[in-house]
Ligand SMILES: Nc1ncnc2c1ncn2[C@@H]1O[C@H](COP(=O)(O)OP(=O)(O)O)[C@@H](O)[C@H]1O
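Heads up, the chain below is alone and in the form predicted alone; it's given as structure tokens.
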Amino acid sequence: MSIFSFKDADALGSVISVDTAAVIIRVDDLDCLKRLQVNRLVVLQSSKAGQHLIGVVVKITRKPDDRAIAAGVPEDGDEIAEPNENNLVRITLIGTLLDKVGEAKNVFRRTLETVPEIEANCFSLEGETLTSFMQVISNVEIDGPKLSLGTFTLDDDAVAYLNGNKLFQRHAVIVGSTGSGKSWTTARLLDQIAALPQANTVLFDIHGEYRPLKGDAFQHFRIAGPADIEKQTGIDDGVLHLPYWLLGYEALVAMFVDRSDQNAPNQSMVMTRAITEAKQATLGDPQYKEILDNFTIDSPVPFAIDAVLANLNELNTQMVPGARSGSEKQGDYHGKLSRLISRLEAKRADRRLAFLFQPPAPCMEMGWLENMVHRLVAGRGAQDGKTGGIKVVDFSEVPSDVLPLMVSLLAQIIFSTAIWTKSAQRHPIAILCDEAHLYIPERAQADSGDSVAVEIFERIAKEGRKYGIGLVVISQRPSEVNRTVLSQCNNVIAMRLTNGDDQSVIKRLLPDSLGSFGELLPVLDVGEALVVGDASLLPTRIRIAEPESKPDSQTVAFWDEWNSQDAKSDTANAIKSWRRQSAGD
């Protein structure tokens, strides 16, 4: 049965002009004209039975009918009669709804097999009919919770559904200027995910604003800070360490080797050899023979940093036999590794990097990685009684200069685990990247931590779908996010954007026939979003519903606070936290 059952009496008007995908209808009833708004969806009768054409209103005009004016002069020269009005609505056709295709019913296609005939009726798409239509185009057929971010701005009675499969399969981007409601939208999306029994999501929380999200579906972790060195806290305490031995070759080089140094190639080669030997020492036990026979420098095997430093120091001061008997000369690397050793020792002693270079003893054991990855990657139903499949990882205490490396390291761990998991046992996981412009930048310096991070996220964006990894990029500056990553995001949830460059990035994602939707970006209200992409075949303007748990990102009411009688100040604790580089109690 068709979801459309319009009566002729309900028609807004009739077609008076057809030009390929552009249609003009005349609306005789002024009240009907007043109900119409630009960007509202309408339905037109097709010339084929069992089909309806879907269009979007792009222009509404009201002007005198020239023919009425010409005919309005009476022969006796009396007053000119009041002319009629021509109420015209310009519509762009964007698709066809077929009542039945084979066994499937109510199938929407972004094609135009026919055009409407002259005098064909046009109907407004609203209320329950609009909700039903959006379920059709979003392919929302599964039982249980459905993905809905809110209601349509133009019709609060119509629920806006999205296709949850395609939203994550084809990747997504959530963008909007500061204060437009990005965090609110992200929290609403997480609310929807939390209702699923096997939810599996990791959110990279850069500023700690998602701490208030609570419930059985959520697990909260924070990257260890300086205050955690003495406490020896671990993942069971909600504290996550990322020991140095997890870093791949490119990340190690980016962190320790100064590419501008003339000895950089030697330093990279020697460091590779020293780390390989240190890992071989760890794998000396016969039980690791199979790993030892096949491992590489990128294999996540614990090794002693002290052994590496000792090796480098030995080479840096090495004397070898000279040409004459009993004489000595400097070795090939004598004095050429000093800067590498200094950088490594400085990083190792930096308390800000305690999570990297001063992990608790359990983090240096072979079995630790399996436990950490299970907590991070396993879905909600596989957490062995632990809460939640939504893992919120707080990076707020990670120094900004190593943030891209650390975020990408966690992403690399998730990606590598998915690659090496047998397809039959692979559980899909979504990665939500808050403030993505900080670690997936459009312009990354070659051989830097940024470039390593970009390379990892580019690979996830291109190949993640094959391994059950969905990517959601969240940013207030889409123009500063890597274009390759954005180009792989086939779903866009765009809040208000006031910057011209950011608007241009989003407008390029819109079909030519729907370019007018791009003009809405700077005038969207707070909490409103333009949703475009595979998860919703048609661009839709949505008012985001209130999330159950609100993130800690509320805009401060400056004037009200300044006008308050209560004074606020906590500079003593602020300075204390600043000095110890930790916001903990």
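Quick caveat, the model's predicted, so the values are computed rather than measured. One-based numbering along the sequence shown.
Same protein, other form: the form predicted together with the ligand, not shown, and the subject of what follows.
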Next on the checklist: Which is the contacting stretch out of 49-57, 35-43, 22-30, 541-549, given heavy atoms within 4.5 Å of the ligand in the predicted bound form?
Outcome noted: 541-549
Item to check | Contact flag, Gly527 vs the ligand in the predicted bound form, heavy atom cut 4.5 Å | outcome: yes
Next on the checklist: How about Lys182 - does it come within 4.5 Å of the ligand in the predicted bound form, if we only consider non-hydrogen atoms?
Outcome noted: yes
Item to check | the ligand contact in the predicted bound form: Ser177, any heavy atom under 4.5 Å | outcome: yes
